[in-house]
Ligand code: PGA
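Encoded as structure tokens, the following chain is the form predicted alone, with no partner shown.
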């Protein structure tokens, strides 16, 4: 099975509904031009945007007609319903028109106390609710400097996916490696550093899930821009990107899409 290439834009706490709709409209309109000249087809690449919850409804009309353009939530509650003030569960996310959710983003872990156990619960809820789950893993600078980065990421994977069998490692599970020291800092892992971690993640997934793990898409996230996207994806073992700040402007986001799509079939 050929792994799917993903380019996902995480808008974080940006774009109120009007601005979100304008951004989504331009991405939808200009996506065919970004892919022109590449061999990318609907089965090869998926482009996605993750607006704030408030702006999901505003962006929904611009993603539904486009088979390559997905709508994601930035998080997912660990339960469908109940007395959980402020939570948005997988059924609500689906009702809003999103097909996927980002789980365990480093900002959720560091700033909002998402523990490994909570990330596991959110992941299970998202998958059980029919969503595609983009599971984020990654290490802080001090962990990498100590040479413990691979062990740290493997521990995050082991915690999040504990108890899940190969049937869970299907096309609705995507992993995103985001070195915390490279998020919003302007620093990017070198293509060699990123590819090495991706190989370690894929080896772990294969050990755990067999061929189902081998086929999982693994994305890179960490100050991705148009001028480094091509070198990163060309390094091998990198199946696309989780893009932060560069996804807030359609032109810069689509430039990343174009550079990633250029490697489809190579």
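Residue numbers count along the first chain shown, from 1. For clarity, every value in this text was computed on a predicted model and none was experimentally measured.
What follows is about the form predicted together with ligand PGA, which we do not show.
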Only one of 48, 222, 51, 240 comes within 4.5 Å of ligand PGA in the predicted bound form by heavy atoms, so just point that one out. 222
Is residue 184 close to ligand PGA in the predicted bound form, meaning a heavy atom pair under 4.5 Å apart or at it? yes
4.5 Å heavy atom contact, residue 75 and ligand PGA in the predicted bound form: no
How about residue 245 - does it come within 4.5 Å of ligand PGA in the predicted bound form, if we only consider non-hydrogen atoms? yes
For residue 107, is any heavy atom within 4.5 Å of ligand PGA in the predicted bound form, or not? yes
Among 121-129, 145-153, 81-89, 175-183, which stretch sits within 4.5 Å of ligand PGA in the predicted bound form, heavy atoms only? 175-183
Relative to ligand PGA in the predicted bound form, which residues of 6-23 have a heavy atom no more than 4.5 Å away? 10, 12
